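Below you'll find only one chain, the form predicted on its own, shown as structure tokens.
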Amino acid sequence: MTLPAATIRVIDSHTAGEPTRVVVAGWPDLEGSLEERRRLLEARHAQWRTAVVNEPRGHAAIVGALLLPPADPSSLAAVIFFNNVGTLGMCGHGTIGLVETLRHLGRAAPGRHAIETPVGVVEAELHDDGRVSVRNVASRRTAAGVEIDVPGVGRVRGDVAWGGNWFFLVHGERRDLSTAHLGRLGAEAAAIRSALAAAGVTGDDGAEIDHVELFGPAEGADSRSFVLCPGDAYDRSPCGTGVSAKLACLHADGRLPVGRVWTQESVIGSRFEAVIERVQGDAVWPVITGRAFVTGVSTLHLHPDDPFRWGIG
């Protein structure tokens, strides 16, 4: 049987160093609500995801963004984010990259725009200077001072928080958060994630905690971070949903009031500015500001005779 050829049109960008690949055409049709389409992508169309972000066309750090028409015509777009191991509920750097991509296409003018994601509607403001501010979903800390024993690491203490994805934010100031130590930092964060799962520490309703953050001091910023993402790639950006989780923990500890700007630096030295816009109960609504740049416009070819047509892994 001869398989049909396929092409997928994508636009690549990076936000503070972290790549986003927006799929603009060539994807199979998905039906239902955005959350239903996300589940359908995972259950029936995973090969399209791997074809876009996995080698030989992609790599572990790329976050894909499937651009879809919004359910509400007043929204700018709908999007499903995904990476090399599955889909993501929300992606801060990816939302900034999506808005820059839509600006590049002539579909986004400066101003505020609603963007539909599987975890809710977020608002993104495109500024005249090209920066984008993302008003994220409500973020909150769900467990403070959780202690676990991590093989090869020792006793680790941290907080569980939601910022659009589930995070474990490790306590303590690290002095080794640099690109010279990426291998060791990644291995340690992966061990913490495995230990959390083994100990039964989860997010709401048993949700897997699939992001781990380590923190340290930063010159000229409030904090420096190393973030391990699902699929074991580290985030080159300060991680928008991770910063949102951080702000929720800071506010819960009485360390960050509404309106005070927090500058978060990534392990490669890029930065996001963040602020809590409002609070209700134990939830905070963060605004994350950063800049993205389009790096390429491509057509991906899936040749019918290619043994790695659907990606590697």
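Since the structure is predicted, the reported quantities are computational estimates derived from the model, not experimental observations. Residues carry their position along the shown sequence, with the first being 1.
The same protein also exists as the form predicted in complex with pyrrole-2-carboxylate; that form is not shown, yet it is the one meant from here on.
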Is His113 part of the interface with pyrrole-2-carboxylate in the predicted bound form - any heavy atom within 4.5 Å? no
I'd like to know whether Ala248 contacts pyrrole-2-carboxylate in the predicted bound form, with contact meaning heavy atoms within 4.5 angstroms. no
Contact of Asn165 with pyrrole-2-carboxylate in the predicted bound form (heavy atom, 4.5 Å): yes
Does His211 reach pyrrole-2-carboxylate in the predicted bound form, with heavy atoms at most 4.5 Å apart? yes
So if I measure heavy atom distances to pyrrole-2-carboxylate in the predicted bound form, which of the stretches 237-245, 70-78, 146-154, 198-206 falls within 4.5 Å? 237-245
Considering pyrrole-2-carboxylate in the predicted bound form, which of Cys229, Val132, Val122, Leu185 comes within 4.5 Å of it through any heavy atom? Cys229
Heavy atom within 4.5 Å of pyrrole-2-carboxylate in the predicted bound form: which of Ala108, Val137, Leu88, Leu169? Leu88
